[in-house]
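The chain that follows stands alone, in the form predicted alone, written as structure tokens.
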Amino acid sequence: MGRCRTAFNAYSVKFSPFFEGRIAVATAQNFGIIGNGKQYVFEVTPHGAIIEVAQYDTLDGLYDCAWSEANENVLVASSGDGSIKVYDTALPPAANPVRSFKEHRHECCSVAWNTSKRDLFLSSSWDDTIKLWTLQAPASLRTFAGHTYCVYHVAWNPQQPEVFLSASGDTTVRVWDLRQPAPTLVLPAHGFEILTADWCKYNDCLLATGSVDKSIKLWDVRVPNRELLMMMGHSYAVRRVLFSPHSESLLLSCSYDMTVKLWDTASPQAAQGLPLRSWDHHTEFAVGIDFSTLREGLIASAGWDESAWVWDQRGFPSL
């Protein structure tokens, strides 16, 4: 496939759930510390080239993005000013963003769209909270408080549409249910900040966590007192973990060690810190990853080297 260059440092890459070759890339200037942002949309052509479809400028850096599961043209992006921008790629750039939600008091760092209840999405923030949204309402539907430090990541359970997890710098992952007033589980998963977590797409009790302590852990929420597996393959903080939509045991990770790794969590080698594949095409922190749900084997990564890559997991990224 190939590489797409971005003007700023890339933070997040997401495949469209509707168009096989379409990706969204959220970026921030000056490594997200201060400055502007750009939301990009790229398209992979049938010949493997990557072309820019749209770009939208923001006054603050963008840290994450998510495609709508209900409208193929809509995506949301989380901003350093705490706001959530809503874009419609069917409209001209001057008409975007079509909405801007501003409730978080600090940086908004993660957004996740519900794949079953397709009008709902979540955001998380450095203000220690998570918020539930729908584009049909002028304000958030609910705020989830309880974490005592930045909430770096949120992810919906793929089989239970009312359930989601949150990963926090307070060293816990919390499991929430929209029908309950408080977390149904508080999991002290690591001794250091947890930057990421994700649910297995085929087992709604399994989740993976990634931490500043360089480790990836696998957990069964029914037996939360000890991890099922610990993988120590990265040499710096683990920024993202993501289970495959096509295989129960495949897990993708990226790290501040600039690598992207593919793991088979069912393999004995995983416990020895040996991934199935490891790629070192980024020259700065690798901070974003995604699997295509529409094309098995197609993966993407984003890094602070002002680039996003798309390639087949059986091969290598190439220009």
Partner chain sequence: MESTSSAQGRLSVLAKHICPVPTDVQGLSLQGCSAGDSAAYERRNIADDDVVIVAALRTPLTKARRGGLKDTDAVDLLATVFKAVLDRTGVEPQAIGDIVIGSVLGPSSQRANECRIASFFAGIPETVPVRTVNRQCSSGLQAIADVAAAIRAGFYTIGLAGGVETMSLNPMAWEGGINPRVESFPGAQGCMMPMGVTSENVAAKFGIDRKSQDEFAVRSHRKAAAAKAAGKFKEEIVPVSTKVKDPKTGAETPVIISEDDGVRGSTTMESLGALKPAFKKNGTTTAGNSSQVTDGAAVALMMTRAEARRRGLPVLGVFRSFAAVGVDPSIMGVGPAVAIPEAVARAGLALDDIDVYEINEAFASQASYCIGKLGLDENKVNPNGGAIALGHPLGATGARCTATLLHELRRRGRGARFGVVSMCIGSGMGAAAVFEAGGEVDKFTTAHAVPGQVLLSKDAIV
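Numbering follows the first chain given and starts at 1. None of these values were measured; they are calculated from a predicted model.
Keep in mind the form predicted together with the partner chain is missing from the figure; the text below concerns it.
Remark: none of the three candidate residues (Asp64, Phe144 and Gly288) comes within 4.5 Å of the partner chain in the predicted bound form, counting heavy atoms only. The partner chain is not drawn, but in the predicted bound form it has no heavy atom within 4.5 Å of Thr293. Taking the partner from elsewhere, Ser235 is found to have a heavy atom lying within 4.5 Å of the partner chain in the predicted bound form.
At the 4.5 Å threshold, heavy atoms of Arg174 stay clear of the partner chain in the predicted bound form, well away from it. Looking at Pro138, you'd find every heavy atom of it more than 4.5 angstroms from the partner chain in the predicted bound form. Residues with any non-hydrogen atom within 4.5 angstroms of the partner chain in the predicted bound form fall in just one of 274 to 282, 50 to 58, 246 to 254, 65 to 73: 274 to 282. The contact with the partner chain in the predicted bound form, taken as any heavy atom within 4.5 Å, belongs to Trp126 out of Phe101, Trp156, Trp219, Trp126. Interface residues of 182 to 220, taken as those with a heavy atom within 4.5 Å of the partner chain in the predicted bound form (partner not displayed): Gly191, Phe192, Glu193, Leu195, Val212, Asp213, Lys214, in sequence order.
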